[in-house]
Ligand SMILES: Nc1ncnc2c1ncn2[C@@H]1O[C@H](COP(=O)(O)OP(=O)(O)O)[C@@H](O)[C@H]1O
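A single chain, nothing else alongside it, follows as structure tokens in the form predicted alone.
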């Protein structure tokens, strides 16, 4: 799934116009529902993510990891506090966002190539050039990216003709094809078997090294976080908040053996 830009929200006059980090949460809270049914999903939380960084959020179910993703993309508003993206309050400045989820969400009636091409059809500035470049430059870009993740020769296949791991590779390609500034990964490898998952960790690392988007990863898997991320933010159970923020000490490129042998 992709978003052309985070949706617009009102800009508060007493909030600084520019911030230094690419993503910043400042004393943010969020509650779902009202009154007696209100659930406080996120307690006061602050977080800084620099441009091009790769940050993993880990913690038990219900600790607010996905809530943070929704706040950063503007899908929900903070109950209190502020969210800044690219130096402005969320929604004030267009930001290209790519998203990949636990389920690949590919459209079954489209080929692999057509699924990956969707962001180029709907996300500016690519959509203005779509009809002129879809059979040339854009097609070549898709073929190159599919080859990078081991899907060369599968462009004309439909999702139902692919394995779960192959569909998830295509989903990552779709999330990256429009050169997102911000890549949101919500447990994209969680439904896969261990062998496929570790193979896709290596592919995701290669994609990040090649393209360097700013990445926010939600995962329950500490090994996955240690393999992929530059920083790991550990969250406590509801109401969620970050209780530890630690730099991953392993040099890149990483191997699964390094993560298995060493502890953070």
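Residue numbers count along the first chain shown, from 1. If you're wondering where the values come from, they're calculated on a predicted model, not measured in any experiment.
What comes next is about the form predicted together with the ligand, which is not displayed.
- Checking 66, 230, 196, 29 for any heavy atom within 4.5 Å of the ligand in the predicted bound form turns up a single hit: 66.
- Only one of 39, 202, 209, 234 comes within 4.5 Å of the ligand in the predicted bound form through a heavy atom, and that residue is 39.
- Contact between residue 52 and the ligand in the predicted bound form is not found at the 4.5 Å heavy atom cutoff.
- In plain terms, the part of the chain that comes close to the ligand in the predicted bound form, with a heavy atom within 4.5 Å, is 66-74 out of 209-217, 222-230, 66-74, 43-51.
- For the partner-free chain shown, nothing in 210-249 comes within 4.5 angstroms of the ligand in the predicted bound form, judged by any non-hydrogen atom.
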